[in-house]
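First, one chain by itself in structure tokens, the form predicted on its own.
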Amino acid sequence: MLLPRFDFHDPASVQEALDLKKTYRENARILAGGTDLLVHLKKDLVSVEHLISVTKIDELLKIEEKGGDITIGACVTMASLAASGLIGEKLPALKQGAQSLGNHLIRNKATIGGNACNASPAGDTLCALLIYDAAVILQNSEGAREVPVSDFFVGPGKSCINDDELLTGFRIAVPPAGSGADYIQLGKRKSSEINVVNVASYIEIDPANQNILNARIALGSVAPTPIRGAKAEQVLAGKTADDTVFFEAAEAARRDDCKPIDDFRGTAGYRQAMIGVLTRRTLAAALAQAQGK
């Protein structure tokens, strides 16, 4: 399959990219890694007259820690996330998500911003962004705004980004001492496969008594968008972190939080069962991190 004809633009700054987007409006698409968009163009699933590449804009390629926050540029690749010592140390679940996406060839091109804008319920970095309570940074010609990642996804393949905006990055508060996080994805193969189900968990404990101070659980592939496990989080609130309460939270996630469907990758019942299994496993791994094990 061949790509259709289009005009290619290679801006050197965010403002130049925004100017191009404003000029061509609905006739333009943003190209980051292109691992989804180029396939869709080849299959004639989308059409475009102007392709605006943002892969050479320096400010979109940075990972920085400043003032208690970590900022990640939208064009940081999955390979760069996985290789980052800062991400591995401070945001391990995000590193795990980046490592889980596709194969090494795809990870060298796929970007965190593209993964978010693709807005797949199964996106590998999206559950991690949810449990780290990330802010999505959106910019237009008038300035920038931040949107909680929990409000960013509005449907399968749909986000709240406006036509005149560009996703430039993410801001995540550095997790405190006594916290841990974990991510697990389940696919039919080890790589190059859309997830059957994926789960990320974050937990923060009081070292004096092992009580849970904060807990966040995110579920993928079991709803129209990646979602937080609200009922499961309620079960954990204020409890002592142990296998019993983790089992109760996993049951709440399986029973109350997820609404999966049947498809060729798996049945709704299988997905629900696996939500319970992976929730328990990610909580146990997050606790071990929080305890310094």
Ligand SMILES: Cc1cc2nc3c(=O)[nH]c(=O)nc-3n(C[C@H](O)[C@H](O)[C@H](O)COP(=O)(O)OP(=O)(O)OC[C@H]3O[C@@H](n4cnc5c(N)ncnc54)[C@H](O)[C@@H]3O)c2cc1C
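Because the structure is predicted, anything quoted here is derived from the model rather than measured. Residue indices: 1-based, along the sequence shown.
Missing here is the form predicted in complex with the ligand; even so, the following discussion is about that form.
Proximity to the ligand in the predicted bound form, defined as a heavy atom within 4.5 Å, singles out one entry of 181, 110, 134, 215, which is 110. With the partner omitted here, the residue from 140, 71, 118, 80 that has a non-hydrogen atom within 4.5 angstroms of the ligand in the predicted bound form is 118.
Contact annotation: residue 106 falls within 4.5 Å of the ligand in the predicted bound form, judged by heavy atom distances. Interface residue remark: residue 35 is counted as part of the site for the ligand in the predicted bound form, having a heavy atom within 4.5 Å. Residue 231 falls outside the set of residues with a heavy atom inside 4.5 Å of the ligand in the predicted bound form. Contact check for residue 63: every heavy atom lies farther than 4.5 Å from the ligand in the predicted bound form.
Proximity of 30, 102 and 166 to the ligand in the predicted bound form is complete: all three residues have a non-hydrogen atom within 4.5 angstroms. Considering the ligand in the predicted bound form, the lone stretch of 71-79, 202-210, 142-150, 88-96 in range is 71-79 [heavy atom distance within 4.5 Å]. Taking the ligand as it sits in the predicted bound form, the stretch 116-152 comes within 4.5 angstroms of it through a non-hydrogen atom at 117, 118, 122, 123, 124.
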